[in-house]
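So this first bit is one chain, no partners, the form predicted alone, shown in structure tokens.
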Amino acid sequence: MSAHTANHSSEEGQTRRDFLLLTAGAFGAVGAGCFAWPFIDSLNPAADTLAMSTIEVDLAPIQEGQAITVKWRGKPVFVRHRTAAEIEQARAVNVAELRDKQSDTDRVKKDQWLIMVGVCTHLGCVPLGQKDTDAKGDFGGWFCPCHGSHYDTSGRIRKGPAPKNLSVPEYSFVSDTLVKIG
């Protein structure tokens, strides 16, 4: 066998080997993608959650001083029709003394309506304070009995381990008696 023939045969074998390696690698990558896709897709929000990305709440039946809880994106949302005394109490707070510095006017669009996600910012518990018989904490708002967080009448953290105020979701008033959350 001549040197040229041996060299040609060696190059052909190397080319064939490269092709087989690339083909096997491509099939492996496609196989890994097919295996991983169901897991990655499971991280997307469920269809029922997406369907509830916005809700409308009729405010007409909620009396002054009363609070209701609605479910939005799988979370409780507190809607409270605040009294004049609750509004006054929330406005009288010195914002500089708060852990999470937000004024009451930054948290509401209409003074009498406080709308916020009812999940404690410490460990995700649902604070008490929606019912007349619930403990409302030292500041007349909400109290998380799990670890002792106290929120005021604007949903701001005032005492306890929670690092932040109860969050205010995106919302808009469709009319005087109808609010759209989300």
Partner chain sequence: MGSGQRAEFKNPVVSWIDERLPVFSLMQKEYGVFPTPRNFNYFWNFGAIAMVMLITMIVSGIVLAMHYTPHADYAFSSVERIMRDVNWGWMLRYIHMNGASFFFIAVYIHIFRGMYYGSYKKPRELLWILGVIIYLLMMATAFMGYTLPWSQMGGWAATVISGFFTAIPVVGDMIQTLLLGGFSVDNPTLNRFFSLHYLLPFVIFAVVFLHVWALHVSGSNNPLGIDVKSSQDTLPFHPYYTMKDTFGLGVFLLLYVIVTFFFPNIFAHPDHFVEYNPMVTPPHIVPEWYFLPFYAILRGLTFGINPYIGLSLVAMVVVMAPIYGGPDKKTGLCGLLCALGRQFALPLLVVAGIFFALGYLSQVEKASGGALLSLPLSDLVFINAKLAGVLAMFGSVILLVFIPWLDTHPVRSARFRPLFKWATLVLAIDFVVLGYVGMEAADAALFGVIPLLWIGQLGTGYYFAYFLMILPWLSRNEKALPLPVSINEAVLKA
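Nothing here was measured: the structure is a model prediction, and the numbers come from that model. Residue numbers count along the first chain shown, from 1.
Absent from the display: the form predicted together with its partner chain. The rest refers to it.
Of the residues Leu59, Ile55, Ala67, Cys125, just one reaches its partner chain in the predicted complex with a heavy atom at 4.5 Å or closer; this is Cys125.
For the three residues Arg73, Pro76 and Pro145, a heavy atom within 4.5 Å of its partner chain turns up in the predicted complex in every case. At the 4.5 Å threshold, heavy atoms of Trp113 stay clear of its partner chain in the predicted complex, well away from it. Among residues of the shown chain, Ile40 is one whose heavy atoms approach its partner chain to within 4.5 Å in the predicted complex. Taking the partner from elsewhere, Glu97 is found to have a heavy atom lying within 4.5 Å of its partner chain in the predicted complex. The closest non-hydrogen atom of Asn44 lies within 4.5 Å of its partner chain in the predicted complex.
Residues of 144 to 178 placing a heavy atom within 4.5 Å of its partner chain in the predicted complex, in sequence order: Pro145, Cys146, His147, Gly148, Arg158, Lys159, Gly160, Pro161, Pro163.
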